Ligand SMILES: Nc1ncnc2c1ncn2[C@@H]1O[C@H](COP(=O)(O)OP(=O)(O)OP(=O)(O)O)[C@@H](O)[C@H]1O
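Below you will find one chain, with nothing else, as structure tokens; this is the form predicted alone, and questions on how it binds or moves follow later.
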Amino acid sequence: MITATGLELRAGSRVLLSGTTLRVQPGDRIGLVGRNGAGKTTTLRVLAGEGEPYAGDLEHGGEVGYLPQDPREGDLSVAAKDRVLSARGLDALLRDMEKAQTAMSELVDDAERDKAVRRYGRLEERFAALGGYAAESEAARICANLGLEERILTQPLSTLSGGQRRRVELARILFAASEAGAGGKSGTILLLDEPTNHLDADSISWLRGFLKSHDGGLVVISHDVDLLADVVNKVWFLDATRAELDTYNMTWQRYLDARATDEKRRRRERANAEKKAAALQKQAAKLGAKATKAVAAKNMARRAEQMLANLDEERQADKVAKIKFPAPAPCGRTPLTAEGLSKSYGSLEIFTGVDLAIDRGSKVVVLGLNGAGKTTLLRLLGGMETPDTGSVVPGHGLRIGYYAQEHETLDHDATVWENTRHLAPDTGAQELRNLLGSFLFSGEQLDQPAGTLSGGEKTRLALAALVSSAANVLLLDEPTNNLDPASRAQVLDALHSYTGAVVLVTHDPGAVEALQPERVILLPDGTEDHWSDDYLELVQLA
């Protein structure tokens, strides 16, 4: 169980939550929702013990599995398989068992060999208590269901894409929480921040089933409404306008219905109160003209004020970033060409012999299964990595704008203002402030380190940097991840109206439809084809 009492959370001087009591118990499957920047990620971090609240007390009564949006820490030299097994300490045990086996076969001294045999026996006993080889099989099953093939599991984490590392972390957490865990416990509380990011349709479907059957407690932040509808039995709505959290002890659909009913009630009550208050104020104004009625007039006016003050605060419509990609700078007919690109990590070949030409204003979608090299190809085109063979040739007037799915283009230690100023050094200060304001960054938030932003806020900041770039070729890697529906709609409108060239990687069919691509690149073979709506079925699977 997790219990928080008197919880107060802040971002700078902005209050996100105040005097809140929260409780997560076994059987709870809670959807934590609210607009981008409301404080969902901060709340989850604090519940996980990864951040400190401004005020209040927090108690943990069991194991917690926390998946942040952006897992960057840890030893990246570790193999992916060992990282997953480390959730139950099996990786170290297996290494120690291998050492003991080697000692048993190589030691000549009988006493030393007997000592190694006894050590191996103790290790094997411990290994069996943790589920043994059945647990290894369980870990492999979870990894496979999350799209992590055996060839990926043998690689060091440093060679994996950000999306692959995130799936490894998710597999590790689910492995620790599964019923085959140490002592057969399944009471781990899962705190998952956008767990469906980077998953294909089959993996998302499997994850829904896993979470729906998990009985140890769950808090999930997700913009995947199908997952919320399938899994949650309670909703926490974080209201940014009131710095309060509303609890709905019901399923997702019933919550949506209740919110709609609640909003209608608020509007109706406010309209009635405003009508009555206006009548009182009008009457008070008439009486106020007579000296003998001055007291009565003041009482009427006071009653009208109280009538309005006692209403629930009116919920303002959520502000939405005004996203419009830049007017592209002039360029030649073919601003970007790639010839014979190949890339390998160690002995693992990602792709080879990829050729493409990005013409002025062309729209291209890159498709391929997870691990096929889609992100790698964009990084090569953007100059973030160097190909093993082949070359990327810039054409006349090329200006690249690169949006990275893991926000690698942001300096997480620099402030919001510093990040944008670095990418647009020639833009006037007021013009830059106006730009950031249109992306909902203003006031003290300009001085906030980028690393402390939520996933949706990082997405908005990275998109703001693109807008300031005057790029004529946009390389977009999952640009709709972490966005609430209103912000996603803005990105789709911006994609639809942008007149420059776009190379898009996405699992979002809506983004592809908004782009209206002319061509598709299929990885790992690098095959190029004219776009057809038949490919749309592959987008979520890719």
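Predicted model, so just to flag it, every value in this text is computed and none were measured. The first residue of the sequence shown is number 1, and the count goes up from there.
Note that the form predicted together with the named molecule isn't included here; everything after this is about it.
- Judged by heavy atoms within 4.5 Å of the named molecule in the predicted complex, the contact stretch among the candidates 164-172, 466-474, 445-453, 137-145 is 445-453.
- Proximity of residue 24 to the named molecule in the predicted complex falls outside the 4.5 Å heavy atom cutoff.
- Residue contact check for residue 38: one or more of its heavy atoms lie within 4.5 Å of the named molecule in the predicted complex.
- Although the partner is absent here, residue 19 is not a contact residue: none of its heavy atoms lies within 4.5 angstroms of the named molecule in the predicted complex.
- The closest non-hydrogen atom of residue 519 lies beyond 4.5 Å of the named molecule in the predicted complex.
- Taking 88, 81, 223, 379 one by one, only a single residue has any non-hydrogen atom within 4.5 Å of the named molecule in the predicted complex, and it is 223.
- In the predicted complex, 482 is the single residue of 479-512 with at least one heavy atom within 4.5 Å of the named molecule.
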